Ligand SMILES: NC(=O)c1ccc[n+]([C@@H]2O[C@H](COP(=O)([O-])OP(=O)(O)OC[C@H]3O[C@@H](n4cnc5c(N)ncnc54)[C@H](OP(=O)(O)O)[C@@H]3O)[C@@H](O)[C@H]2O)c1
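Presented as structure tokens, the chain that follows is alone, the form predicted alone.
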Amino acid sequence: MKVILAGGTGTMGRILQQHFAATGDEVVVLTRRPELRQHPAARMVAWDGRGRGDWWRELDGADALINLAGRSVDCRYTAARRAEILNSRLESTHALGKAMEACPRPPAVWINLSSATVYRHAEDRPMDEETGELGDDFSPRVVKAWENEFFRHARPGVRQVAVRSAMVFSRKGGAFPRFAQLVRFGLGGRHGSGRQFVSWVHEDDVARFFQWIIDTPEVDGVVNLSAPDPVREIDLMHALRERIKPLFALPSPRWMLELGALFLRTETELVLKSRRVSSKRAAALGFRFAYPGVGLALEELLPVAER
């Protein structure tokens, strides 16, 4: 296959570069930094995430388009940053939509990354695609606008799938190395109440999930990507401590997190919001996770030699 990864240089992009290159596919990464080489088999093509360019030609005859573009949410939510987070998603999706409309032979499947943070703070029950309740604060509003822009560019013969992904547990970046670092530095106690749920997915299952979507014509619309075992944050910290063996583990009450977030230029929502997500549609359509439980995932991600 020929697979296009738009904005494919972040954590998930590197996971998918490695996966599709390993299977012998042609991998094209649309990026603002084409000089940045990551996987040696991936070809970097310049784009600005907004307008038309030479990158349009890459879509013609390709098999799959995967859009991962969007500014990181790991920042302070100032008015300017909020605008960047929203516009980077809408503009890149719109640009791809216009390119798909003009493409003589568009990819048969267009997968757009979305986020499981679209659901409300949930400690009471799992949120699935059918019965999940959407939130109404900043992050869910961004996701809803993003998905609306994506599905607005429907084209006959092109299957569209929005992947509401949970937190990716990967060595390649993202939240997981930060969790492990906090534990090593003695800050691996509970954060806030510790009762908030963490929905997560192992990096290997990320790659398998996107491959499964491409290979399964029945998958369309919105689908959640989250391991079957969301875990309370206090239990995740305990599991990490068992493997890393820090000398001490201080708890972090909300006021301390607020101060820390101000210093680190980030938001406490990233650790305090309870995301209890269910991949109900994927299960019904036959997808099975290789890492359904957090214990198994941590054993693979934190082998003895790295602890």
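Residue numbers run from 1 along the displayed sequence. Quick caveat: nothing in here was measured; it's all calculated off a predicted structure.
Omitted here: the form predicted in complex with the named molecule. The next part is about that form.
Undergrad: Assess the spot marked by Val27, Ala62 and Ala108: is the named molecule within 4.5 Å of a heavy atom from every one of these residues in the predicted bound form?
TA: Heavy-atom distance to the named molecule in the predicted bound form: none of the three under 4.5 Å.
Undergrad: Which among 165-173, 147-155, 232-240, 178-186 is in contact with the named molecule in the predicted bound form, heavy atoms within 4.5 angstroms?
TA: One stretch meets the cut-off, namely 165-173.
Undergrad: Against the named molecule in the predicted bound form, would Ser115 count as a contact residue? Criterion: heavy atoms within 4.5 Å.
TA: Taking the distances in the predicted bound form, the answer for Ser115 is yes, it comes within 4.5 Å of the named molecule.
Undergrad: Does the named molecule get within 4.5 angstroms of any non-hydrogen atom of Arg33 in the predicted bound form?
TA: Yes, contact at 4.5 Å.
Undergrad: Using a 4.5 Å heavy atom cut-off, state whether Thr11 contacts the named molecule in the predicted bound form.
TA: Yes, Thr11 is a contact residue.
Undergrad: Does the named molecule come within 4.5 Å of any heavy atom of Ser139 in the predicted bound form?
TA: It does not: once the named molecule is placed as it appears in the predicted bound form, Ser139 has no heavy atom within 4.5 Å of it.
Undergrad: Looking at Arg71, His94, Arg82, Arg190, which is the one with a non-hydrogen atom within 4.5 Å of the named molecule in the predicted bound form?
TA: Looking at Arg71, His94, Arg82, Arg190 one by one, just Arg71 meets the 4.5 Å heavy-atom criterion.
Undergrad: Pull the contact list for 73-102: residues with a heavy atom within 4.5 Å of the named molecule in the predicted bound form, in sequence order.
TA: Contacting residues: Ser88, Arg89.
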